[in-house]
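Listed next as structure tokens is one chain, alone, in the form predicted on its own.
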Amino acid sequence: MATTTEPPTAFQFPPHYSFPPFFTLQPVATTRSSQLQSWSTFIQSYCRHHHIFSLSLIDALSTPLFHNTTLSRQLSLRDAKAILTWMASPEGGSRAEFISSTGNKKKAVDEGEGGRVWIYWRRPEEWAAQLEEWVDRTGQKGVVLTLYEIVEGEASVREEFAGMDMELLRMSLGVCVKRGRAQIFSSGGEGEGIKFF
């Protein structure tokens, strides 16, 4: 007997995605500010829908996120970097962060042309709250959980953090530790675990 699975829902692009000027940052300050906010909301929604935690800027330019094939319009690398830089600022709600391989955040922004960027549709402190709520809801306080089972385990398969990048998970768990809500245990390699209080 054949079983059918329901197809995932298609992402609903916002109306301004079909407006050609949306793909060129506008020079007038008030228009540009509104446009940056619209791009930020759109990028966060798109990444959340597709469960994307980070982007490679250069690779993302050819995806539907930055390229509307129907209009034959694509955001330039310069404009995409400007939008993500704004998203990474306090004015942009700190909804992005350039990922540095050296640990130098300023260098990551300056050299971030094709680099990786965290897209914070939930910031690490928001993920920390989600993780704490999940542990409470699933009765796992006091249990040592491996980082792998948090993002790949059966208990988390339907959670938004399922499949999360391990580095982002560590940042989020670090917030839990700072709040005094958890302790990280490390046995090296894959044996990293955490216990929530």
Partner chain sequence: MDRRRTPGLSSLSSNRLQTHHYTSHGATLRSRNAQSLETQLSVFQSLVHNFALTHSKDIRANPAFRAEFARMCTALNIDFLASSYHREAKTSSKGGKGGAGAGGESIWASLLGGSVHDFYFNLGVTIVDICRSTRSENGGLISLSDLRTHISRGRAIGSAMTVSDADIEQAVKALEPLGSCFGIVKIGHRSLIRSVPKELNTDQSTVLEAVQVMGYVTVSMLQLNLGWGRPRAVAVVEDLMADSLVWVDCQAGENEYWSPAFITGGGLR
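Computed from a prediction, not measured in an experiment: that's the story for all the values here. Positions refer to the first chain, counted from 1.
One more form of this protein exists, namely the form predicted in complex with its partner chain; it is left out here, but the text below deals with it.
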**Prompt:** Can Gly142 be called a contact residue for its partner chain in the predicted bound form at 4.5 Å between heavy atoms?
**Reply:** no
Wondering, does Ser100 line up within 4.5 Å of its partner chain in the predicted bound form on heavy atoms? no
| Contact flag, Gln183 vs its partner chain in the predicted bound form, heavy atom cut 4.5 Å | no
**Request:** State yes or no: in the predicted bound form, is some non-hydrogen atom of Gln35 no more than 4.5 angstroms from a non-hydrogen atom of its partner chain?
**Result:** yes
Of Arg73, Arg123, Lys81, Arg116, the only residue with a heavy atom within 4.5 Å of its partner chain in the predicted bound form is Arg73
Exactly one listed stretch (25 to 33, 55 to 63, 164 to 172, 151 to 159) reaches within 4.5 angstroms of its partner chain in the predicted bound form by non-hydrogen atoms, and it is 25 to 33
